[in-house]
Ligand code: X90
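One chain comes next, on its own, written as structure tokens: the form predicted on its own.
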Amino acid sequence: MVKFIADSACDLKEYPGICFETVPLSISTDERNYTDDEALNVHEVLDYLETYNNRSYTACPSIDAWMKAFEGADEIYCVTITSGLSGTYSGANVAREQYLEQHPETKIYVVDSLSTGPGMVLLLEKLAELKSQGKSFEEVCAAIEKYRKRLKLYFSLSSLHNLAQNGRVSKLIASAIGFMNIKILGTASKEGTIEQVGKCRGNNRMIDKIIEQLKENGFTKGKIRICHVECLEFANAVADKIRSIFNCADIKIVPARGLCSYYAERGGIILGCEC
């Protein structure tokens, strides 16, 4: 049996047509702990975090959780959130080594997405496509390493509150951004870390900046995947503008699960594309 696995930062809860499973990360404060599984009420978590002003953080899946997900498969393809921001990739590899000691006949490929959310979805879709074409394990691994280099990730953020509480940005900067109603446009670097590429006021200007970035990186056609944090109208506006300029774009939109909602916050979107 061939199995496809991702951590919950991929935002998908199911993937019809393949054997697919997600392994949840967690979101915590000094008061509460949330597991980013299918039962998580993202709206409730966002309400709580918006008014919480002390430390908050996320945690990787346990080694045991990965080991359990590997069970029952002969060939496994696993996609993780970027190693530039999380230890999830490292944990999945530790689980892989331990599982192979007990099941040496199993083939397991763990790919560092160098991305999150929509970028992980694009990798999962490519993995499923390659296997549907009858590619061997070795051929799939080689093709994915090349495909990953074609992917770009962008994120539009209306708030940096959780990033500040997590210690990833200055609380002073986060407060200033919120007070001035400024949106931040960022991208994932080649190492999978966060890089700011612009800032502006208003959704229309942000959409223009996203289009500018797509053009600069050579996007003409192909897949674009978008996750949104309770801002479907904005996500649809971005998609409509992209389609008006790149009429061959294949765009799909999904709501963010807990992990991406934690970092992108309400009003935020994350966009992954093939370039």
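We number the residues from 1 along the sequence you see. Remember, it's a predicted structure, so these values are computed and weren't measured experimentally.
One more form of this protein should be noted, the form predicted in complex with the named molecule, which is absent from this view; the next part is about it.
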Which of these stretches, 100-108, 201-209, 132-140, 185-193, has heavy atoms within 4.5 Å of the named molecule in the model of the complex? 185-193
Within 4.5 Å, heavy atoms only: does residue 77 come near the named molecule in the model of the complex? no
In the model of the complex, does residue 23 have a heavy atom within 4.5 Å of the named molecule? no
Does residue 213 reach the named molecule in the model of the complex if we count a contact as any heavy atom within 4.5 Å? no
Contact test in the model of the complex: residue 40 vs the named molecule, heavy atoms, 4.5 Å: no
Assert contact residue (the named molecule, in the model of the complex, non-hydrogen atom within 4.5 Å, options 73, 85, 164, 151) equals 85
Given a 4.5 Å distance limit between heavy atoms, list every residue of 55-83 close to the named molecule in the model of the complex, or none if there are none. 58, 59, 60, 81, 82
